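This document opens with one chain alone, in structure tokens, the form predicted on its own.
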Amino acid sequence: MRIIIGSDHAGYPMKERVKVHLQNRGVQVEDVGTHSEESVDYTDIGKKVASKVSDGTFDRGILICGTGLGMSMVANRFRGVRAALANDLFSAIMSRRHNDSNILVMGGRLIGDTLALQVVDTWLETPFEGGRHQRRLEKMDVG
């Protein structure tokens, strides 16, 4: 599996830990920045990740900013992207089971490293249930 990952300055420390964790699991990770804690616009990074998931270059992505809210809003503007803000295990599970989320978004200022890595693992390992949920996904993209 290959994952594209990105963060703004507020999410940078967590992104670095998540990236190493994924690589230790044998996951290929493409990091599109940011590469320091110097202030950047979260919108620029969110667009980089979401566009590559939207066009099928990557099956999944991970975005991290201070709260996860801004990144979620940016990513969900892209066709075919189902970005889910999951700062807890239940949200990570349900975002996969029922929504087939393809971008995980976390708030680097809201959850600790241990929980963040558990959320990532849970999100990666939880399958989509399909069935009635597939019908609902097909109704998401408009215009």
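Numbering starts at 1 and follows the sequence shown. The structure presented is a predicted model; accordingly, all values stated were derived computationally and were not measured.
The protein also exists as the form predicted in complex with a small molecule; that form is not presented, and the subsequent description refers to it.
The stretch that touches the small molecule in the predicted bound form, counting heavy atoms within 4.5 Å, is 62-70, out of 26-34, 92-100, 62-70, 49-57. Remark: Ala10 counts among the residues lining the small molecule in the predicted bound form, judged by a heavy atom distance of 4.5 Å or less.
Although the partner is absent from this view, Arg109 contacts the small molecule in the predicted bound form, with a non-hydrogen atom inside 4.5 angstroms.
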